[in-house]
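To begin, one chain is listed below as structure tokens, in the form predicted on its own.
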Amino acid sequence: MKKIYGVIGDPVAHSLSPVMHNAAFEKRGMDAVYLAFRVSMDELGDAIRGAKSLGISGLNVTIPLKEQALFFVDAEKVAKKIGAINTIDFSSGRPVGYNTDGIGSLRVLKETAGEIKGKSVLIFGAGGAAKAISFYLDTEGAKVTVANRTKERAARLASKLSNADAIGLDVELKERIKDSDILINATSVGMHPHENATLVTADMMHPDLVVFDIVYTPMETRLLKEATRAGVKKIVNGVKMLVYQGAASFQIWTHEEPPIEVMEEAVTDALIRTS
């Protein structure tokens, strides 16, 4: 019997998770399919309960549902600490929530920036993805500054970390960036169809900065274009994080080794075709 997996979010049409996971299933010879389901915040509980009733094997959760979805699952320990989930597994008969965003982002940053301990990281956003990334950076010994339009929300996130502070976006960001080793956009700013949006411009950056944008549609966001203009040498788009967090979800659901190269190639090809 074919197994069904999927991603829930609102919006969700932009998601390349179906392309990525279906390529992985084909590579591993699995009788499975991965679909995208648009689910509003008001329908979230019904959607998760319905997925369980319909025999869906697993779900990913994307914006803006990651935090609220925590209340409809049995969250594993790390996800509970983070306060958000992006993966649901139904194999035990009940929905169990995990968070693989932090795993994916940390792997990307270690490949790009090397040792994380002692690094000063400025992260934009205080939602589900920002929570996961900040949690893993904090456990690795980074000094995290959370920047968000609503400073109170940034402060709530920072208070859960061992070495973090919070700022609003009305501060002098250029000074903050000057003292940062890594800059991460963990918001949807710059995502299609708002490709021209950015929170940071070239004049605010320095060449030794690592700039990481979790947005992957488009592959080169306005933020990354500004980083190139500033002479930044280490620039990372959201494709690797999508692949690595997806690979971790794949392993949770199937207990199989994920074909990471195939998954990345599928995402990259899809982005090139639509660019």
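Just so it is clear, the model here is predicted, and its values are computed rather than measured. A residue's number is simply how far along the shown sequence it sits, counting from 1.
As for the form predicted together with a small molecule, it is not shown, yet the points below apply to it.
For the three residues R149, L169 and A186, a heavy atom within 4.5 Å of the small molecule turns up in the predicted bound form in every case.
With the partner omitted from this view, the residue of L137, A129, V200, L109 that lies near the small molecule in the predicted bound form is A129 [heavy atom within 4.5 Å]. The contact residue chosen from H192, R176, R153, K80 relative to the small molecule in the predicted bound form is R153, the criterion being a non-hydrogen atom within 4.5 angstroms. Put simply, G125 is close to the small molecule in the predicted bound form: some heavy atom of it is within 4.5 Å. Looking at 200 to 208, 141 to 149, 72 to 80, 110 to 118, the stretch with residues near the small molecule in the predicted bound form, meaning non-hydrogen atoms within 4.5 angstroms, turns out to be 141 to 149.
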